[in-house]
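Just the one chain here, the form predicted on its own, laid out as structure tokens.
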């Protein structure tokens, strides 16, 4: 078997990074998951030295500044992780012809559409988080190479780290009612599905920008309601508007992603988010309890 050596940035503690490590660990990969501060990843020379010393051929970059509201008053650090880091990785990977798989977000869009966003749609974020993630994309695409793959995804849930679904279920155990926003609609995505589908693209030697989420759409309210139902809890969910639940960063009202490009290249279609959610809650939530 041909073993491939991959570096997962964010593989130690990130929600997606750990899912990639779990998925790839059962495959033909030799995986390196360094600590966040093990290397100065913002230094091109040190990053290049580490990659060469460890004979890395693939880099999965899941490291990012994801505190959406906090980013509004911390643009410096958001830019550092979401734009400067991809720029450095791109420079090194382009030089060494290394396969870089970089993860981006639905937040690069402004949310003004009412049909799913395709990779042909022009991004234009309203939040600092989305703007800095978009700047990271642009830095990579300014000088693309044949082994650059950018995957936009959204609304992640899955094992190994607390996420929205976990929080809702834990709150529902102690409360009779939860108020959850209903006027933001997106694509809930199971991290283990995202990891396995990412590897399908890598196996095809694919490059460019792709959207990759579970099939279907939901509001936060619908995702919360289905999570509570699957967990067998009786807590009621009351829909509220975004204006009733004010947050610092503006969210796209609609950010459903179209995965048809992924399906065309791989010949497979991601399963529905409801199927994936059931698996997550029945298997991982139960084992956790």
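Positions refer to the first chain, counted from 1. All values reported here derive from a predicted model rather than from experimental measurement.
Another form exists, predicted together with a small molecule; not displayed. Remarks below refer to it.
- With the partner omitted here, the residue from 206, 184, 125, 153 that has a non-hydrogen atom within 4.5 angstroms of the small molecule in the predicted complex is 153.
- Only one of 161, 167, 94, 138 lies close to the small molecule in the predicted complex, with a heavy atom inside 4.5 Å, and it is 161.
- Comparing 138 to 146, 168 to 176, 105 to 113, 195 to 203 against the small molecule in the predicted complex, the single stretch with non-hydrogen atoms within 4.5 angstroms of it is 105 to 113.
- In the predicted complex, the small molecule sits beyond 4.5 Å of every heavy atom of residue 225.
- Residue 10 belongs to the set of residues with a heavy atom inside 4.5 Å of the small molecule in the predicted complex.
- Among residues of the shown chain, residue 79 is not one whose heavy atoms approach the small molecule to within 4.5 Å in the predicted complex.
- Using a 4.5 angstroms threshold between heavy atoms, residue 247 stays clear of the small molecule in the predicted complex.
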